[in-house]
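In structure tokens, the next block holds one chain alone, the form predicted on its own.
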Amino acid sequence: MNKGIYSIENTRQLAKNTFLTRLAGDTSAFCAPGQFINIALDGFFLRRPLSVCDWDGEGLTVIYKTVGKGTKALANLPAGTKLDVLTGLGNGFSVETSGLRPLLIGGGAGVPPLYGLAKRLIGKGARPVVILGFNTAEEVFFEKEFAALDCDVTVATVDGSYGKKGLVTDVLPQGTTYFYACGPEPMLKAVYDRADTSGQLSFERRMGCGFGACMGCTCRTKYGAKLICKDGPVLEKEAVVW
């Protein structure tokens, strides 16, 4: 974990209530896709944890939904704003056991970290299959970005207004070698129940500190109590207790 000052380069809206912010700063603490940051915002007591979509030597990209006052404030900050950020938090996804045709399943705000994961899987010679799940067409984002990586992409919407009608579990393909999933917990449970391979699931929890000090995001696993912010957010399928 590092603590540093990041500068907002730009922010743009991707879809309904969904924004992308590019932050310039030190990214040396990142070692795996699926890790997250914790941002301090003026006027708010607790930091805001955000998953990282992608990073490079100059900075990182976060994509988030404006679901509360904190994220709405972040989306409205001008370019050049300096932010106090904890970086390199969490364990992230492992790409060592993916096989050649991994399946990436993202639901809503769970989509962003799968983009950086896809890039790194491709760098290891894999060709990911990607399923993106949303409620409606106006919430869809990053379909073209995944396709530009040469991923096989399917979009599902609950109301059928775009792509396939239904849930991500309604369009699970055959023949994949491993799965990675990130999204709301009911979606993760459904994927867990339906997937016929091993995999990794990235969980969301309300967090106080983001690095294991407050013990506020404890969860049960087959190997005892774990902290989502420190031991997660990614857990192996075989470790999860529902």
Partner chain sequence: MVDLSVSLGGIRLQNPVIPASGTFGFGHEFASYYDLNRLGAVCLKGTTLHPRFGNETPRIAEAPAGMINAVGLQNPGVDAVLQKEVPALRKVYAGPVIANIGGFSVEEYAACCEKADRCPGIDIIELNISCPNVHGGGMSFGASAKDAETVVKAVRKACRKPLFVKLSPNVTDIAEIARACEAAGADGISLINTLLAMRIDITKRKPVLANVTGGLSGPAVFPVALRMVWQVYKAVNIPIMGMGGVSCAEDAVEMLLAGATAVQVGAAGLKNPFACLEIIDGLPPLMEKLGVTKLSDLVGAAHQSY
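Quick caveat: nothing in here was measured; it's all calculated off a predicted structure. Positions refer to the first chain, counted from 1.
The protein also exists as the form predicted together with its partner chain; that form is not presented, and the subsequent description refers to it.
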Checklist entry - Can you say which of 198 to 206, 170 to 178, 52 to 60, 29 to 37 gets within 4.5 Å of its partner chain in the model of the complex, counting heavy atoms only? => result 198 to 206
Checklist entry - Wondering, does residue 1 line up within 4.5 Å of its partner chain in the model of the complex on heavy atoms? => result yes
Checklist entry - Is there a heavy atom of residue 218 no more than 4.5 Å from a heavy atom of its partner chain in the model of the complex? => result yes
Checklist entry - Counting only non-hydrogen atoms and a 4.5 angstroms cut-off, does residue 86 reach its partner chain in the model of the complex? => result yes
Next on the checklist: My question is simply whether residue 211 lines the interface with its partner chain in the model of the complex - judged by any non-hydrogen atom within 4.5 Å.
Outcome noted: yes
Next on the checklist: If you apply a 4.5 angstroms heavy atom cut-off, which residues in 34 to 62 are near its partner chain in the model of the complex?
Outcome noted: 40, 44, 45, 46, 47, 48
